[in-house]
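Just one chain follows, in the form predicted alone, and it is written as structure tokens.
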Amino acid sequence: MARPTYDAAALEPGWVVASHGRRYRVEVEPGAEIDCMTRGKRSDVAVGDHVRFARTGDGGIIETTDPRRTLFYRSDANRQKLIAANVTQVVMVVAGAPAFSEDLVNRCLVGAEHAGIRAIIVLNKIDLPEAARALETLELYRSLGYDLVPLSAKRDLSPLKARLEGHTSVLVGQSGMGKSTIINGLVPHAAARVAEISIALGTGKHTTTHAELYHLGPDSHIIDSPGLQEFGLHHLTPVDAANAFVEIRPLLGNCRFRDCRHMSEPGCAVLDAVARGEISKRRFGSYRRLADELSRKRAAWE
């Protein structure tokens, strides 16, 4: 085994609070941060990671990552995209306008369930006319046990603030749902911070193109993430997917066949529950699309 290229005793601990490709901002103590990079082409570091780094002039090199409590990420056929590490809560933000993708909501929830992370759904822009229909759609998720939080981020964030206390949360959602408005309302200096980073990177963009952690209090933190267009789950198996749908999970093991895929098999407890109206056809449709995708991926590898 190759010897490490660093002196382990000289490494300093830090907390990754922002990521920009292979560039990271690492907090070494409250109010003090250092610019770090990873060695070589390594890119397996996420905002929220606790790391050990070696100083190099006015910057640093991240050498090791401490064991994670949780990791929220997505994946496609070619790579994994780390979103946030060591979070206790995923906050999925949707709105009535522009319309949100219910399939994307389901995939984010599946990703959270598989990672063992609590998830809540925020319906933003509740003051818009389109909100009534969106709320009706989302009542299904409240009935499944997910916390549904309707609010207008421009008017009153108090319903969400109470749910962020004591958590390290990651904010996810499609572009246009109002995530930046929520962050700016929770963290007044966030807009200035994004502008500062944009200038430093020479991008000239003030939209969220990177992940950033903000402190809400001594024990409360929130990570903003770029807008999602898709949420691949190629790291899951079809069995993983079934387990991550909370209404399907209790029925697993009750089917006639042990290897039941819950597609069209006779004696399937899940299909019977769908037929009785105990499982939503919308949610089951999302499960079937995901399970079919994962089955085709597995077949391609074999």
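We number the residues from 1 along the sequence you see. These numbers were taken from a predicted model, which means no experiment stands behind them.
Note that the form predicted together with a small molecule isn't included here; everything after this is about it.
- In the model of the complex, at least one heavy atom of K154 sits within 4.5 Å of the small molecule.
- When the small molecule is considered in the model of the complex, G185 lies well away from it, no heavy atom lying within 4.5 Å.
- Taking non-hydrogen atoms only, N106 never approaches the small molecule to within 4.5 angstroms in the model of the complex.
- Contact check for G178: a non-hydrogen atom falls within 4.5 Å of the small molecule in the model of the complex.
- None of L128, A99, L148, L135 but one reaches within 4.5 angstroms of the small molecule in the model of the complex through a heavy atom, and that residue is L128.
- Note that among 136-144, 169-177, 69-77, 114-122, the stretch whose heavy atoms approach the small molecule to within 4.5 Å in the model of the complex is 169-177.
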